[in-house]
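Following this are structure 1 and structure 2, which are two forms of one protein chain, each written alone as structure tokens.
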Structure 1
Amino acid sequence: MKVWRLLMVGIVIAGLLAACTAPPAGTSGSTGKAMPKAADGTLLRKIQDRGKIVVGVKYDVPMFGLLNPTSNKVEGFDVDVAKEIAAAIFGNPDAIEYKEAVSKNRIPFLQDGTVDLVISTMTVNAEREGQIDFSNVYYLAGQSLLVPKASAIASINDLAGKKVGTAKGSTSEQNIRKMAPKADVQLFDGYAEAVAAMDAGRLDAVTTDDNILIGFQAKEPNKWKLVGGQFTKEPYGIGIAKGHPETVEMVNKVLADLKKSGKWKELYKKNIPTTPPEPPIDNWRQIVGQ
């Protein structure tokens, strides 16, 4: 009996020690297995040694990157993709430091090392590929128009002389200037600011990718409507500074796994209030016909 008591005491002590030394919830030990160490001198190894990845995301775009004022956490599809990448690297989806990356500072943030990745509703195109590298396509959007419910604007053909808001440094700015040359284009740091200006009567329309506009319309359906359909194709890629092929390869593997496993559709359903399409093909040039 004495031996039995000693054995039981030993088991209890061992259990207490295990509880004290177990990694806390949210660390790689409890959520998954970290990937092997990358080669010395690479960006991926730098990220691993730091113990977190620094990701630029939007803070003002519903469904993709929106700062929740209650939790003070950024939420959305782009954020969830970032978590999948962190989980692949560290075994921990929360090993991320977020930085707000509006359209005009996304590429500079990568070039100066402020962030490791930009996952910020960023369209891939040839001009941007000359400045940074991109992952394969992870989302496909199309530019559209958000207008007040009572507006007579029905398409980009109705924008002559109208004040149209969009974000500085965005492909939406380039597209609207080219496709509606007689519109009075007004530039803002972010789309929430542009929608607020329209709410105040200073704009007739806001233009950007339809998925972004759907988020604003869904929040205030009695105020806004989407018109004009998709008049462009906007393949989104994850931005990475030039010269880091190992990081591009790692990100592309995560995206391939998301698309193949069905997790991509799960993230879509979680964040976007429409029926999930099939995941986009990888090559942006095939999407836009280049």
Structure 2
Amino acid sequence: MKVWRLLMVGIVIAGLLAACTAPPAGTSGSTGKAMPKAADGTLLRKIQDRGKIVVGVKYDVPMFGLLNPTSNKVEGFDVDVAKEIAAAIFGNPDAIEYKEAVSKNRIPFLQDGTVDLVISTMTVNAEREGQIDFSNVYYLAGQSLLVPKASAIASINDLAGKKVGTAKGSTSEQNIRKMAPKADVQLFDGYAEAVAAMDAGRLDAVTTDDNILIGFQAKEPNKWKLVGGQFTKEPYGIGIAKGHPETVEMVNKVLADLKKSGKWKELYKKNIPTTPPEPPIDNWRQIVGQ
């Protein structure tokens, strides 16, 4: 008897949970009607005819693209931008097929048509622009410093003789060596290891892109603070295979609306635990000063 009752209670709870986790229709993205069909033969038309858009996102970057192991869904700022685009095309933010894009494979994915868009914390630069097209800048990251709360380090100029940790093989290593040549740079397998070493008192600062540092800071706000601002600029753009101006235009329109309407700050607030800055300007060359 008892077993049966327990089982019933279990089933009821499971049902309730399922009801709660299923997202009520139309909570994210602007619901509404689909955009008119694009010209025959274009990538955008192909997407429309397929009824869903295939997007490459990271599965392992907190706040941007992270696979939630309990819900088995990817979440983050990049994912929310993808939903805005799907909502604009289909009137349905969930008409998306996600593919995991790691730094190595994301450009080939675009070139061979595995994905329509790559929204994966990808820095726009001239070299990459030779291989694929980019949307306007949708997020501006930059290298910064994570230091203990009580640290006297306030900027990159305070690092002479200090132990600064970052990851092996990262652009952050090259940047910090250039910009703080007197720092004692120590290289770890990953950023979590570097932060753990700082926690053990072995480092004075950890440096990499601020969006990664913010994650560590948010987890232990009593221990760490971000200082030094963004001393490099990493403008993120959405990647699209070369030769699809109508798709680039459509994506840029969605981004412009996001920035103008204040929705961009909403998405920022939803995903990133710091006060949202103003949305970045569109042109990456202007940002990095090239």
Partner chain sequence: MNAESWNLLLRIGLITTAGLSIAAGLISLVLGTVIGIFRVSPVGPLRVLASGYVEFFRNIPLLICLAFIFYGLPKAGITFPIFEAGVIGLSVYTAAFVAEVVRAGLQSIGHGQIEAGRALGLSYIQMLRLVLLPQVFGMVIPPLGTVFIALVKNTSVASAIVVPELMYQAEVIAGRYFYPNVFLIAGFMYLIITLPLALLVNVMEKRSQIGHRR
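FYI, numbering is relative to structure 1, first residue = 1. All values derive from a computational prediction rather than experimental measurement. If you superpose the two forms and keep the largest set of C-alpha atoms that fall within 1.5 Å, you have the rigid core.
K.L.:
Have a look at both and say which one is the form predicted alone.
P.N.:
The form predicted alone is the one given as structure 1; the other form is structure 2.
K.L.:
Align both forms on the core first, then report whether residue 220 has a C-alpha shift of 2 Å or more between structures 1 and 2.
P.N.:
Comparing the forms between structures 1 and 2, which are aligned on their rigid core, residue 220 does shift its C-alpha by 2 Å or more.
K.L.:
For residue 152, decide whether the Cα shift between structures 1 and 2 is 2 Å or greater, given a superposition on the rigid core.
P.N.:
Yes, its C-alpha moves 2 Å or more.
K.L.:
Expressed in °, what is the rotation of the smaller rigid part against the larger between structures 1 and 2?
P.N.:
Domain rotation angle comes out at 35 degrees.
K.L.:
What's the distance in angstrom the Cα of residue 187 travels between structures 1 and 2, core superposed?
P.N.:
A shift of 11.3 Å at the C-alpha.
K.L.:
So if we fit the rigid core, how much does the CA of residue 178 shift between structures 1 and 2, in Å?
P.N.:
Shift of residue 178 at C-alpha, rigid core superposed: 7.1 Å.
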